[in-house]
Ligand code: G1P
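For reference, the chain that follows is the form predicted alone, supplied as structure tokens.
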């Protein structure tokens, strides 16, 4: 499988849709049943071959950096009390050997495109990079790994895609897949990409979901991309300007964990998975093997 050495995680947002829960806890660390939302995203990146995780965060969200740090006192306490099962759960969040996490700061909320550009300083090499929005929890087959498998050198961008109701298109980036655009399995070429169109003007109901594989040229394009919808630098605008757009229909089930109802639905889904599995929680080392 082609490998995405670097995956960028835009995690600087304040999570206002999840208040009051996010007043002191970053939304990425809210639990989905028994596991922080960010844990699922990291596990998915590792399944796609990532060895460099770039967290584009905010100075007020130090808890995310703390989550990656070792907890020797906690581990020693659990070991002394003979709580081997809980000790294993704590240790399960350690990153595998050879995987590094880097933090860069996005001090102002200037849009997803700006967040990805902030991550450019931590990217090494000229290959494609992955982007995961942890708010979009995709259960089942790891979507980013599926996308890495589908990526070819002829592509400039590959974006996870899902049909949404017509009344919801104004909340998404929407693909323009004109008649005659070729399809190859789950991959479909697109002629354009429109950010949050009016339902009457939307070219389709095929919407971008928070997984991207982007050619390294995206950073140069983003540097020249002005503000778009909402007065922010939109990643969709840069992808459209770069051309070579491809939509990818992933096989998993997506849950919008940026909303309260979506978080409840995801929690119930994970609960059902846990009761049907011998594993108490996802394990990052297993995902990376």
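Numbering follows the first chain given and starts at 1. Not measured: the values here are computed from a predicted model.
Beyond the structure shown, there is the form predicted in complex with 1-O-phosphono-alpha-D-glucopyranose, which is absent from this document and is the topic of what follows.
Engineer: Which listed residue (190, 213, 133, 161) meets the criterion of a heavy atom within 4.5 Å of 1-O-phosphono-alpha-D-glucopyranose in the predicted bound form?
Structural biologist: So the residue touching 1-O-phosphono-alpha-D-glucopyranose in the predicted bound form, by this definition, is 133.
Engineer: Would you kindly say which of 119, 128, 142, 173 lies with a heavy atom within 4.5 Å of 1-O-phosphono-alpha-D-glucopyranose in the predicted bound form?
Structural biologist: Contact residue from the list: 173.
Engineer: Contact between residue 208 and 1-O-phosphono-alpha-D-glucopyranose in the predicted bound form at 4.5 Å, heavy atoms?
Structural biologist: Residue-level check for residue 208: yes, a contact with 1-O-phosphono-alpha-D-glucopyranose.
Engineer: Quick one: is residue 196 in contact with 1-O-phosphono-alpha-D-glucopyranose in the predicted bound form, heavy atoms, 4.5 Å cut-off?
Structural biologist: Judged by the heavy-atom cut-off of 4.5 Å, residue 196 is in contact with 1-O-phosphono-alpha-D-glucopyranose in the predicted bound form.
Engineer: Any of the heavy atoms of residue 254 lying within 4.5 Å of 1-O-phosphono-alpha-D-glucopyranose in the predicted bound form?
Structural biologist: Result yes; residue 254 sits at the interface with 1-O-phosphono-alpha-D-glucopyranose in the predicted bound form.
Engineer: Does at least one non-hydrogen atom of residue 57 fall within 4.5 angstroms of 1-O-phosphono-alpha-D-glucopyranose in the predicted bound form?
Structural biologist: No.
Engineer: If we take heavy atoms and a 4.5 Å cut-off, which stretch out of 63-71, 259-267, 233-241, 44-52 is in contact with 1-O-phosphono-alpha-D-glucopyranose in the predicted bound form?
Structural biologist: The contacting stretch here is 233-241.
Engineer: Just give me the residues of 100-130, first to last, that have a heavy atom within 4.5 Å of 1-O-phosphono-alpha-D-glucopyranose in the predicted bound form.
Structural biologist: The stretch touches the partner through 112 alone.
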